[in-house]
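To begin, one chain is listed below as structure tokens, in the form predicted on its own.
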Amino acid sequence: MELVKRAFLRASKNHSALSYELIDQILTPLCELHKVDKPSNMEALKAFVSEIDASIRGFDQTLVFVKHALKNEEYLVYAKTDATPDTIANTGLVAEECQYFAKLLDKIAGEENCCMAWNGAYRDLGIEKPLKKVRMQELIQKWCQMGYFLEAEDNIYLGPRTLVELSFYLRTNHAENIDSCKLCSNLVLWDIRCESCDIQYHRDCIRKFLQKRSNCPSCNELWKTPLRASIEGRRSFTSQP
């Protein structure tokens, strides 16, 4: 199983943000090759991942599951725990392209709901030596594939890898738009809010909390916001101009 863990970690580094379908596509042939049993259920899979994560934490790396509220999907994310915008996504890039990543990240994080229309990625970024539009498009596609950004309809959002890898940077530099869930301390975006105090929580976190209590953990008022995810609510994010 150790050989499977090492190979799976290498694959996770290459893909950065993995869906459950992709995890299965990677893990199934690996287990068959090394003649070991594949994790049989979600609990076993998460235990498998936790063991890998524990082995790399000391090297400023992590492998964790994170739920992206906008897509309502969980991703397995490989990330560097000591990353900053200046040190990531920069392999093989020139200085202007590295600067473009940092500027694009800050612009999206500074927008309401951390959402930016595609055409906003090509202007008013304050880059000393602007890139050609076709190169900007290539880079955005690359960074979406790496999980740093997420494309939905005609908009660009922060991706699952960014929520893990750059969480400290975002909390520190964009506290007006980005906060942590009061129940788990991880970044929370595009999720459920208390009707009384407007504090935002991860839907799964507040659902678990309300199994034992009926009041908001922040304002202590009776929780009134429906817990079921609203399709229209998600559309309201993806239909912004």
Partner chain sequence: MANTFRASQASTSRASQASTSRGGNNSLLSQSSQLVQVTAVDDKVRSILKYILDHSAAKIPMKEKDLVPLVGTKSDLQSRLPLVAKLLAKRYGIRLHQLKDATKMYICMAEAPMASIHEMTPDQRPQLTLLYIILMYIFLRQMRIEDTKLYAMLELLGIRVDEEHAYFGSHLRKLIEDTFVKQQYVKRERSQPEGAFEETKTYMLWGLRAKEEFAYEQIVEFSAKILNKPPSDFSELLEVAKELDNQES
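Predicted model only: the values in this text are computed from it and were never measured. Numbering follows the first chain given and starts at 1.
Heads up, the form predicted together with its partner chain isn't pictured, but that's what we're talking about next.
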Its partner chain isn't shown here, but in the model of the complex which of Thr225, Ser19, Gln25, Asn220 has a heavy atom within 4.5 Å of it?
Gln25
Position in contact with its partner chain when the complex is considered in the model of the complex, options Cys184, Leu33, Cys197, Ala175, heavy atoms within 4.5 Å:
Leu33
Counting only non-hydrogen atoms, choose the one of 150 to 158, 97 to 105, 123 to 131, 79 to 87 that falls within 4.5 Å of its partner chain in the model of the complex.
79 to 87
Using a 4.5 angstroms cut-off on non-hydrogen atoms, would Gln137 count as touching its partner chain in the model of the complex?
no
Is Asp179 close enough to its partner chain in the model of the complex to count, meaning some heavy atom within 4.5 Å?
no
Examine Asn113 and determine whether its closest non-hydrogen atom to its partner chain in the model of the complex is within 4.5 angstroms.
no
Please run the contact check for Asn72 against its partner chain in the model of the complex: heavy atoms, 4.5 angstroms, yes or no?
no
Select from 52 to 70 the residues with a non-hydrogen atom within 4.5 Å of its partner chain in the model of the complex and write them out in sequence order.
Ser55, Ile56, Gly58, Phe59, Asp60, Gln61
